[in-house]
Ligand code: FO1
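One chain is shown next in structure tokens, namely the form predicted on its own.
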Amino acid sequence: MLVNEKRIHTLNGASAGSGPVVYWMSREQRVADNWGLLHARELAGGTRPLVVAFCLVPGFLGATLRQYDFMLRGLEAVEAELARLSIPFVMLTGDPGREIPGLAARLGAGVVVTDFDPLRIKQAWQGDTAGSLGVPLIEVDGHNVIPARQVSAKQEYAARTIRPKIHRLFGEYLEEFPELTPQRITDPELGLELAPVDWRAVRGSLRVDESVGPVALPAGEAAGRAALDRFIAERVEGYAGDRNDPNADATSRLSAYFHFGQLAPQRAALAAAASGRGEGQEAFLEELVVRRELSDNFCLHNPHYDSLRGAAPWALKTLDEHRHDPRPHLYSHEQFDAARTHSRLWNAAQTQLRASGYMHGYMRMYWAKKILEWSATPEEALETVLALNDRYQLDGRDPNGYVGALWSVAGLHDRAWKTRPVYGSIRYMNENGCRRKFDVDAYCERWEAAERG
């Protein structure tokens, strides 16, 4: 098999037919380095047509024009690359639980292959689709180096508990991707007219907040691969020492490409492992594989990943004990959104997020913890953190984002620390700690200048 069978999980008990193979592209929006597409191509072989379909939901979980623009630019590149391989691409619009079975029925499909995704809404779509199809729906984990269903059958307590499980399986799964071969089946043989996508009409169908506009970051798998190559060549060596300095430009800046599936995390892991860059390489692999896959593990096994109900009992207890502590400042959601707090540093971080669709990881921790400190309740704080992150961040609505929010507000995957007002024993951060890490004034000046234009 081209694809390790442990990446493959059947979502219903239907029997396969002899008709075309449909790859329902969802989380992995790329042609190269895509285990799900590779498995679908292998099932199609030389005699069955392969069709790739993407189902656009015009108003997905509050996503803004910023996120849709980046995604659609990437999907246009997907269509072009698939055309080079003689594989048709279909853009559907609406509820995937209806649209994917409808396409499968029109094509007389014999099997549908799709991507692993731990989020509730994606699992619900898959469940609806699996129940409506008369043929198998097969899930392939092309997002995790170690498939999430294989690394652990339970919610892991922390990085230290999942790390040995990942390291034990690393050699089995960190393998080079096979090449995706062209197909020789012509469109008329599909029995359905598959016209090129009208991208102008697709954009016109969106029902999104257009006040949060696109950013200049290049989109698509070629752009993601180029960004990876630059990081490995220029910055991974200093990653261990400099990644917590927002002024150093030491991070990978790959999160948007990972989130939209325009770059395979496994491709990044292969590049890092081959780089021979010592501590920087090891630190990057820890973040890329252990920490990122811990997030998928949490969202897969805890349905309350975006609520305080997902936090550990010790964290809920300490937050509740300090629920009525006086807050040094109180801000509304609108004040946070507009970067109108008393803190120059916090306002600069929010400005970076609004202007660029990205916030440096260290600053995102500080930013979220201050929202906890300056909100009336921890529930309100978590709601604000998630709402602002998902509105502006290109990688919003991602397992990493949900886990980062709960880590900041409710100590997820962390331990109890010294008790303080408001925080209880949740880990504390303040501006003095930031000043020990980096030049705070330089960071503020940069984003104040950006806001002035």
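Every value quoted in this text rests on a predicted model; they were computed, and no experiment measured them. Quick note: we count residues from 1 along the sequence shown, nothing fancier.
Keep in mind that the form predicted in complex with the named molecule is missing from the display, and what follows is about it.
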Legend entry - Contact assignment for the named molecule in the predicted complex, among K122, K317, R253, R327, heavy atom within 4.5 Å: K122
Legend entry - Answer option from V52, L388, A410, C55, heavy atom within 4.5 Å of the named molecule in the predicted complex: C55
Inset, instruction - Using the partner position in the predicted complex, report whether A349 sits within 4.5 Å of the named molecule, counting heavy atoms only. - result: no
Legend entry - Residue contact check: D117 to the named molecule in the predicted complex, 4.5 Å heavy atom: yes
Legend entry - Q67 within 4.5 Å of the named molecule in the predicted complex, heavy atoms: yes
Legend entry - Touches the named molecule in the predicted complex: L137 (any heavy atom, 4.5 Å): no
Inset, instruction - Go through 424-432, 411-419, 27-35, 380-388 and give me the stretch that gets within 4.5 Å of the named molecule in the predicted complex, heavy atoms only. - result: 27-35
Inset, instruction - Could you list which residues of 385-409 come within 4.5 Å of the named molecule in the predicted complex, counting heavy atoms only? - result: G396, R397, D398, P399
